[in-house]
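One chain comes next, on its own, written as C-alpha cells: the form predicted on its own.
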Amino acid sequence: MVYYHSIMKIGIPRAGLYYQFFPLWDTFFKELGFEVVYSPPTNASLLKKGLEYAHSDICFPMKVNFGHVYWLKDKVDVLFVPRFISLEEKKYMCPKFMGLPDMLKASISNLPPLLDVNFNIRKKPFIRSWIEVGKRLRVSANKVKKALVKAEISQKSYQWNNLNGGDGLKIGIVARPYIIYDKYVSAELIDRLKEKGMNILTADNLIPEIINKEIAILKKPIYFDFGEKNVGTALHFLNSGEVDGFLYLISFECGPDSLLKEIIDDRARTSDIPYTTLVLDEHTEIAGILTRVEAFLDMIEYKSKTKFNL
C-alpha cells in the first residue's frame, strides 16, 4: 500500500524496540520531512487500555505496546510498526515481534495504515527494508539512503541514560531494553538506584566482544537476539567481578527468558557475585519490587563488610 499525504504524521509507539532504535527512527523520518508523533511515557492509563485489547497470554511489555498504539491511532496518518524477524544473522526475534502488526490489526479497530515492513537480516540487508518503507511513503531510494546515513550517526552517538549514580556499589541490570528503559515497566529502577548513589552497568556498557566471549563457552547457541545479549551480560557479571551484584529483570509471560534464566542460575552457583531475579507483570506492585531491591542491596553491603573484616 502507498500512502498519499503532503505532510504526513507518522506515529511511533513509545514501547518495544523504540527503546533500542529511537534515535535512528526519529532522525530518519524527520530527515525525510515527516512529522513524528510519539505516544507519552508508559503510565497506568496506557497499560489499562493495553490490557483491554491485548490477548491475556502475551508478555507484559507487549500489552504495554497495545496501549501505546491505541493512544496514537486517532492522532496520526500512519503507524510505524515494523515486523521484526531477525536483527542478526543466525538469530531470531521473539515471535511476538514477528506477529505484532497482525495482532494489532486483529484486536484494535479503526487503525490507520501500518508501516509493517519486514526487517529480516537473514533474508535481506536492512537498507532494502528501509527502501521499502520509503517506497510506501513515496520517497525515492536516494533520499532514503541519505536520511539513513544521518539516522545511523544519531543511533551511534545517542546515550539513553547517565548510569553513574555516585560512589556507591556497582550494580548490574540484565534486561531487555524495553523493560529496563521503560520507567513504568521497570518501576523506575535505574532512577531509584542512582538516588542511592549506586553505579549501574547494563549490556549497553559492554562491547560485543565481551558478550560473544561469554556466549562462546555454551554448548548450544542461543537463537534469540536479546536472549543471547542478556545471557552474555549476566555471565560476564558473574565471571569478571566487575559488579558487586546484579539484577535480572524478566516479564512473567516471557518464555525465552524463563528458559535462559536456568543457564544464569546454573553459572551463578559457582560464583560469589550476588544476583537475584525480579519478575514483572501488570500486577507488580512497585513497593514490593523496591522492598526486594532494598534487601538485595543490604545483603551485598553486609557481604562486603564481612569480607573486609576477615
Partner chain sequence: MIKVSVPNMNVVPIVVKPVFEELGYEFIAPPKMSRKTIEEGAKYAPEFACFPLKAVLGDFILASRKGAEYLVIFGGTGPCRFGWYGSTLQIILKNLGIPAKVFVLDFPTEKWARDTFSILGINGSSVKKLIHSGLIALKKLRLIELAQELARKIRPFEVKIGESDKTLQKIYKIVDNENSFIRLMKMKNEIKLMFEGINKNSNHELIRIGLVGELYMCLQEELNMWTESKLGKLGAFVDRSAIGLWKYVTGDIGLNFAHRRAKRIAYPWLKWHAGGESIYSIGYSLIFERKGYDGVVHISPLGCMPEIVAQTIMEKCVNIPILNLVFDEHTGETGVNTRLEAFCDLLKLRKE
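Keep in mind it's a predicted model, so treat the numbers as computed, not measured. Positions refer to the first chain, counted from 1.
Omitted from view is the form predicted together with the partner chain, to which the following refers.
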If contact means a heavy atom within 4.5 Å, which one of 55 to 63, 37 to 45, 240 to 248, 22 to 30 is the stretch that engages the partner chain in the model of the complex? 55 to 63
Is there a heavy atom of S258 no more than 4.5 Å from a heavy atom of the partner chain in the model of the complex? yes
Decide whether G168 counts as a contact residue for the partner chain in the model of the complex under a heavy atom distance cut-off of 4.5 Å. no
Please determine whether L114 contacts the partner chain in the model of the complex, using a 4.5 Å cut-off between heavy atoms. no
Verify the contact flag for E253: yes if a non-hydrogen atom of it lies within 4.5 Å of a non-hydrogen atom of the partner chain in the model of the complex, no if not. yes
Identify which of N118, N205, S140, N212 has a heavy atom within 4.5 Å of the partner chain in the model of the complex; exactly one of them does. N118
Which listed residue (V76, M103, M198, I131) meets the criterion of a heavy atom within 4.5 Å of the partner chain in the model of the complex? M103
For the three residues Y92, S107 and V279, which mark the spot I'm curious about, does each lie within 4.5 Å of the partner chain in the model of the complex through at least one heavy atom? yes
The partner chain in the model of the complex - contacting residues of 259 to 295, heavy atom within 4.5 Å: L259, L260, E262, I263, D266, R269, V279
